[in-house]
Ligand code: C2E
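Here we start with a single chain on its own, the form predicted alone, put down as structure tokens.
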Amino acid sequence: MRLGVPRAIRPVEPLYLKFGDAQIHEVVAELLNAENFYIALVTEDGGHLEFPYFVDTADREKPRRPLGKGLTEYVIRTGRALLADRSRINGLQAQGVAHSRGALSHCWLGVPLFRDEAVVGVIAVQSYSPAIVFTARDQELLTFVAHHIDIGLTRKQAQDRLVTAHAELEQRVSARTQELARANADLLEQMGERLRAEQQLTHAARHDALTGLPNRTQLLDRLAVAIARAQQDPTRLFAVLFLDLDRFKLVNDSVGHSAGDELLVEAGRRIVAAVGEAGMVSRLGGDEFAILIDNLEGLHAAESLSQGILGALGRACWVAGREVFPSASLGIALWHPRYRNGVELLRDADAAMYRAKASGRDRCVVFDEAMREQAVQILDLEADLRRAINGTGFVAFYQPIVRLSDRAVVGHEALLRWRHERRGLLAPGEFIGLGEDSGLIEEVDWLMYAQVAKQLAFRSEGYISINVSPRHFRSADFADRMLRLVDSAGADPRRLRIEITEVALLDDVPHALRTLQQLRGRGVLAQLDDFGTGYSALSYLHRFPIECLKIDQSFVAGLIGENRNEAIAVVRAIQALAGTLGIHTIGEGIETDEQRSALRELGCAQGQGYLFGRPAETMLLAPALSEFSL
């Protein structure tokens, strides 16, 4: 399946139109830190590695070497990308699986290069400084580049075969020419053979080997012609449809790649039959197809044809003895004079296809100005997010947690806010999704944790709780990193609480138990957030060292209103469960005295919400948080 890589970073067309190592390095360097970069390829005999391109600040050269147990060979053996910091590299070396060669890397990222589903090399970057650490986002970007290098390698191989075939033909023609004196008939036959061979080679260079459909090269040529005609005739209209089969990987994984090939061939037949004479169908690779529809009457015609294609694909078919019901997501990009080439049209049709897939699959979506504007806004916001991480844009706001009996403050919950330079104060819901997609949210969270640790060091009363996402909690070094952060700030870990959800507990029960016990050993207690909305079962809860259950605000709000009886029953059950476990509860989202009184009557002793004050940026006795950075 295609990766979710930003489309506006830089056109990647050169990577698959001409395979150039320095050009690849230039593209990679625009996406991530590629000061130390190389491309490694397995030799034809399969026994050595050679490095056609190598730039490094520590090692002057990278000579050809036999295959061994380096990190590069590890990626080649496993066929998977490897993102390894110093600790991971040491672990691989201790296991005897792989080791670092040359200068000692602080962080190493390598992605395999494929040709015809076989690993033929590796593209890698590395860092010798703790200040430069690659992320999962960097791995995603490098994988995106490697995908297009794979296309370049495949095309280069096809071109090499074409050159070789031409050379062989020339030799054969030369040999036949020497026999002209003996038989003119032989010469005529040879000329015919050469013509047929050239036609076959030309066809192979412009068609997909599996389905026989036109390939990307031919599609881009046809798009160039369509654009030129539309520029000369303003009334002429055409569209590009980008189609991706839904859940195709499931077919490959369950019944094998040969069955997947059968499905691709059948999908190609059905698309061609549905399109008919209206346009050209091409296969771009994998489970992706593109259709050029020329001489359109309007957008409605493209949408109608798209629905016909989806309907034809949706009919049942038999693959490897199994009945399969294919479906697809389809994006439509309509011609507009702003487009400069076919690559831009394909890019926008591809973006619309992803919108269709995100909307539930088995549907089509038209790329429009709103989608374009949204894409620009997302890119701008991501750039702002990166700048804010390096500045003081992210701050912790603190909401008091009180005793419901006398409203005495017993602690605070730290809540993340972003003070955006143009849009003002933003709540997490306005940027968390983007942060997770870009991989930047981890840095943001740890910046806030550092602020909280500093706050604890300057405050002698009460505790502060922080929200920990399942993604962070799953990290093998989360507990160690959190405790180091608290110690470096000079804070008391016994005054820190972590808030986690039931999902974080159940993702990996042994890991969750170890992490909670390690934290509890230093006095950091755990609270279960949004309780009542998940499994909420004694069968699993009693296994974990949980200090408190936080009753979800939806149940607190329901204590006053039409669903009062149901909410009371849920809260009463939570209180009974907490009592059985010997822990206390906190009611979230309390906004009225009626809710506070109802919670007290049900046995809940503590709570938080707007009734007791809105979250504030700083707390009493705390210095300016902008003075501290991670």
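The shown structure was predicted, so the numbers you read here are calculated from the model rather than taken from an experiment. For every residue, the number given is its place in the sequence shown, counted from 1.
Missing here is the form predicted in complex with the ligand; even so, the following discussion is about that form.
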Legend entry - Position in contact with the ligand when the complex is considered in the model of the complex, options Asp362, Glu344, Glu499, Glu443, heavy atoms within 4.5 Å: Glu499
Inset, instruction - Check each of Glu35, Glu50, Glu566, Glu591 and return the one that places a heavy atom within 4.5 angstroms of the ligand in the model of the complex. - result: Glu591
Inset, instruction - Consider Glu413 of the chain shown here, and say whether it contacts the ligand in the model of the complex, taking contact as heavy atoms within 4.5 Å. - result: yes
Legend entry - Proximity of Ser554 to the ligand in the model of the complex, heavy atoms at 4.5 Å: no
Inset, instruction - Report yes if any heavy atom of Pro428 sits within 4.5 Å of a heavy atom of the ligand in the model of the complex; otherwise report no. - result: yes
Legend entry - in the model of the complex, Asp246 touching the ligand (heavy atom, 4.5 Å): no
Legend entry - Candidate stretches 345-353, 277-285, 466-474, 519-527 - the one whose heavy atoms come within 4.5 Å of the ligand in the model of the complex: 466-474
